[in-house]
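A single chain comes next, written as structure tokens; it is the form predicted alone.
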Amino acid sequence: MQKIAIITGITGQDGAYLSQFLLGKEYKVIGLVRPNIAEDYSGFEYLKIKDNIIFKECNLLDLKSITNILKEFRPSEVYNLAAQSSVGLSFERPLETINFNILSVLNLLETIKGLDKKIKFYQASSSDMFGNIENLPVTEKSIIHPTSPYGISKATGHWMTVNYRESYGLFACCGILFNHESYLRAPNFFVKKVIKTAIEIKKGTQQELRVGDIDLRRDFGFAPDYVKAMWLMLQQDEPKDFIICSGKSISLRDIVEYVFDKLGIDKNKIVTDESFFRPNDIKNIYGNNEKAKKELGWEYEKTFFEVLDILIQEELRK
């Protein structure tokens, strides 16, 4: 029997690559999109999979809307990727971020609990839950101490998923993903912005790249490799939570300078703009992926400079 997967927040980079992966496994993929919003389907057109997906409007803040969708398609797996996912925007719109990122998760869990506990549920948790953690690398047992409204909302969604697993026996897993990039990344995210602006400077259509604090360090990986881990979590005998990461951190400065060197651009065109600084930013963070490698059989060996080479070439081609 063909497996059916529902993906919320499908129009983001993870939704597109996860759809491509699941279609390769011969799933029927249902993508949930926001009602009355002009969604961007360019990622699916780029991957040439748009016609293979059923897109349905669904308000994740409305239990009835979710219930109707799950009754119609009877999925075996639900991947919740929907969120207001910008840390910077979460400081500007904390109420919107926390309201949506928490209630949407609760509504999905409540619907599955009431309708069919056999449905396997994946929650997209985030490394931002850990904040400025003292003991690195981060593991699944590390203390959670978020430093942004986004991190707070993701931590709440994470613990709700754990609670429904432990309280009601749901097969509910959290994938705690660290930063992961691709050509399909939205332009407001750091790495995408750096590469696109650098290419524009090279072409003479931009004069400079304005950045915030680039001495911060993050754990970066490649999105198409990370979505496989999401699927692997739901194929296990027991539901568990896993950190998905590269296991190393790199400074934002190293990323910017590597891109500029690769394109032969004068680094004097990198301009620090304090308006981009966040009120309470994580200085350095990286994770430990040993549990995912051992229990899921997930493999990841790319350096982020290798990922940057892929992204630069893809951006230049397209």
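All figures in this text were calculated on a predicted structure; none of them were measured in a lab. Counting begins at 1, following the sequence as shown.
The form predicted together with a small molecule is left out here; the points below concern that form.
Of the candidate stretches 157-165, 138-146, 199-207, 125-133, only 125-133 contains residues with a heavy atom within 4.5 Å of the small molecule in the model of the complex. The shortest heavy atom separation between K120 and the small molecule in the model of the complex exceeds 4.5 Å. Contact between L308 and the small molecule in the model of the complex is not found at the 4.5 Å heavy atom cutoff. In the model of the complex, the small molecule lies within 4.5 Å of some heavy atom of I10. Remark: S76 does not count among the residues lining the small molecule in the model of the complex, judged by a heavy atom distance of 4.5 Å or less. Of the candidates I112, I243, C173, A82, A82 is the one whose heavy atoms come within 4.5 Å of the small molecule in the model of the complex; the others do not.
This chain is displayed alone, yet in the model of the complex one of D261, D273, D281, E39 has a heavy atom within 4.5 Å of the small molecule; that residue is E39.
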